[in-house]
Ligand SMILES: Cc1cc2nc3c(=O)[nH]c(=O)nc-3n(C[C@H](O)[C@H](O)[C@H](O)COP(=O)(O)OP(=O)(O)OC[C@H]3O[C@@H](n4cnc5c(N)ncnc54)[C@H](O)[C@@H]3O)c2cc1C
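Take a look at this single chain in structure tokens; it is the form predicted alone.
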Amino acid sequence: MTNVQELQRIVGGDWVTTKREQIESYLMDEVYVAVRPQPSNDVVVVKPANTEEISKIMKLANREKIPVYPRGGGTGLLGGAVPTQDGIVLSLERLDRVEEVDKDNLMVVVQAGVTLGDLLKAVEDEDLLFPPHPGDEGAQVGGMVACNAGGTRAVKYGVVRNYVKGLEVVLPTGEILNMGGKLLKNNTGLDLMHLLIDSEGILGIITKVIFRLYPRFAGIATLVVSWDDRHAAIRTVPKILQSGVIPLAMEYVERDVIEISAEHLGLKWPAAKGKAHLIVIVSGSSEDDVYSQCQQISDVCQEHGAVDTLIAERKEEQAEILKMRSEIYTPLKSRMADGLDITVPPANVGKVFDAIEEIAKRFGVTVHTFGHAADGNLHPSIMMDAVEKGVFKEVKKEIYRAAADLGGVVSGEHGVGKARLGEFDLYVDAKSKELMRGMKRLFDPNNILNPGTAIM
């Protein structure tokens, strides 16, 4: 049984909640209905104010062997933050300060509960840039680091891992570690910091992050390029990259899906022609540089069968296009059984699209596929008709098998969480699993931190 009185002594009575009606929102994340884990009935939500209070909570939990579930913004898609055993939900929401924007070192120091939206604002107010944009701006940076978030801008600038230069972490046993710093180079010892990145909250609780920043783009533009044929659109992706232009983002969407998102948001999809579209975002050192890249991309696309190319230069237009893509899940979610996160070598994107199309046709179900075309990370969305026909598990298994056969993996950015543990064996060999379990025991000898997540 959780020691509520001791938790209240640590954080104060106002920051410990046990009433079910007050903690419902802390028992779930954005995991899809068909793979949603069942939360425990006996959970205490604790909201510490600082790293020291978290350290005391972890020492208590480790001593009494109480499971602890770290929670950020609740935007994860795989049940990683869902408390499946009786214990403590440790919310990072009060650690919400941007401590420093260091323009001289091009670094920002933020507490783990700062949202992506607040991080972007603080950085942009200083005329600087944090390149990644994983999507939901309600996500908290601790969770973004713990899950190594990706998103649309990964083509040119990579994922969150590329920007983490320092971490403050509380271990399951209560010790506080500081890793890295405002450093561009650091080869001192084994890289424990990068072990914590993408650990999905099973090795330690991230409480503070130092991110690398860049100067703001001098110019940016968004292209919407349209084709009548999906195969032609996908075949053009490597041709754009081979031309020497590396876009900030390159997203593939289909008209029927993106128009659902547009309608939900009260917006209008700008492309009048075509049924398969690439959203290409380019950045450059000047407006002339951006225009030159846009022209080069347009020429390549026209050579490969594009029926229309639109360029959005105004910031408002670009924001609307990105919003329609970023929130594409929202109107679909009520009809989705599961949204997958497969990644294949970029040259195999067309092949995996064809395989998914064949699987959907063979089982007579609907699978909407969209995603990050240039880095091979796709999101096949299996709709509820697969559940209704009793073939959901078979369809998912076939899609995963197709990805594996093409050199792919189960997740490119969402992680494993609790919802993907059943597929873990498809992609991880026995020795790797043994090593992962050994690291978990080393960091967390009593297996109290986010048990049942990320590894089997």
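Since the model is a prediction, treat every value here as computed from it, not as a measurement. Residue numbers here begin at 1 and follow the sequence given.
Keep in mind that the form predicted together with the named molecule is not shown, yet the notes after this line are about it.
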| item | value |
| --- | --- |
| One residue of 380, 172, 247, 151 in contact with the named molecule, assessed in the model of the complex (non-hydrogen atom, 4.5 angstroms) | 151 |
| Listed residue that, although the named molecule is not shown, lies within 4.5 Å of it in the model of the complex (heavy atoms), from 76, 339, 132, 371 | 76 |
| Residue contact check: residue 142 to the named molecule in the model of the complex, 4.5 Å heavy atom | yes |
| Close approach of residue 329 to the named molecule in the model of the complex, 4.5 Å, heavy atom | yes |
| Residue 83: touches the named molecule in the model of the complex, heavy atom cutoff 4.5 angstroms | no |
| Touches the named molecule in the model of the complex: residue 71 (any heavy atom, 4.5 Å) | yes |
| Options 343-351, 269-277, 291-299, 197-205; stretch whose heavy atom lies within 4.5 Å of the named molecule in the model of the complex | 197-205 |
| Contact set, 408-436 vs the named molecule in the model of the complex - heavy atom within 4.5 angstroms | 413, 414 |
